[in-house]
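The form predicted alone is given below as one chain in structure tokens.
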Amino acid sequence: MEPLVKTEREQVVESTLDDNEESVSSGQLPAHIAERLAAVEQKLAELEERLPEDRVSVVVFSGDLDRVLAAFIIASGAAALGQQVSMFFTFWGLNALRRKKVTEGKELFEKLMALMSPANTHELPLSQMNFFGIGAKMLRAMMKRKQINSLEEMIALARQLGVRLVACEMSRDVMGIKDEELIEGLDIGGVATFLGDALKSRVTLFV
């Protein structure tokens, strides 16, 4: 036999069920379900923002001819496959973007750094077997004989494919590299610029 007087808990449960029935019958979700659904949708939106895009980011730290060649081959290949590609040149990698030496208006160490660095891509050494520049000239001759694009042609191709070239602002300032020493049409950026691209990329490489 059911008790004549309902407990407080039973009354709350009945009231909640009645509210839910009224909400469902009127086509509205109960408030607590609507709140949880909104929280799930917000979480999904946050996860979607973190999903990688069709991007490839390459850090070019080396100024060696063979390594810079590899970086541009990968970058051009990825761009040809429809990826958005950005290349971030820092420290010795900036030598791959040089077009001439400038010593005027520089401090002593900056002048020495300019004099000891390659003036342009034709002066980049090999990482191994350079032999005072003979190895680099041999490699270029072998590439030409086998009809492989030179580094300068690869840079031009990468730019035609829309590859973004970014010169590291901090490295440029530390090494005293002036704007006129670098090829034209570069973006200048710092670590935030690189991370902004890398966090959206499916692939990130360090060369």
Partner chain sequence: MTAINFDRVLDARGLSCPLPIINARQEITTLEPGQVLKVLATDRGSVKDFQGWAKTAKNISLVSQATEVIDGKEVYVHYVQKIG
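Values in this document were obtained by computation on a predicted structure and should not be read as measured data. Numbering follows the first chain given and starts at 1.
FYI, the form predicted together with its partner chain isn't displayed, but the following is about it.
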Non-hydrogen atom contact I73 with its partner chain in the predicted complex at 4.5 angstroms: yes
4.5 Å heavy atom contact, G82 to its partner chain in the predicted complex: yes
Any non-hydrogen atom of M154 within 4.5 angstroms of its partner chain in the predicted complex: yes
Hey, in the predicted complex, is S171 touching its partner chain, heavy atoms inside 4.5 Å? no
Which of 154-162, 28-36, 43-51, 175-183 sits within 4.5 Å of its partner chain in the predicted complex, heavy atom basis: 154-162
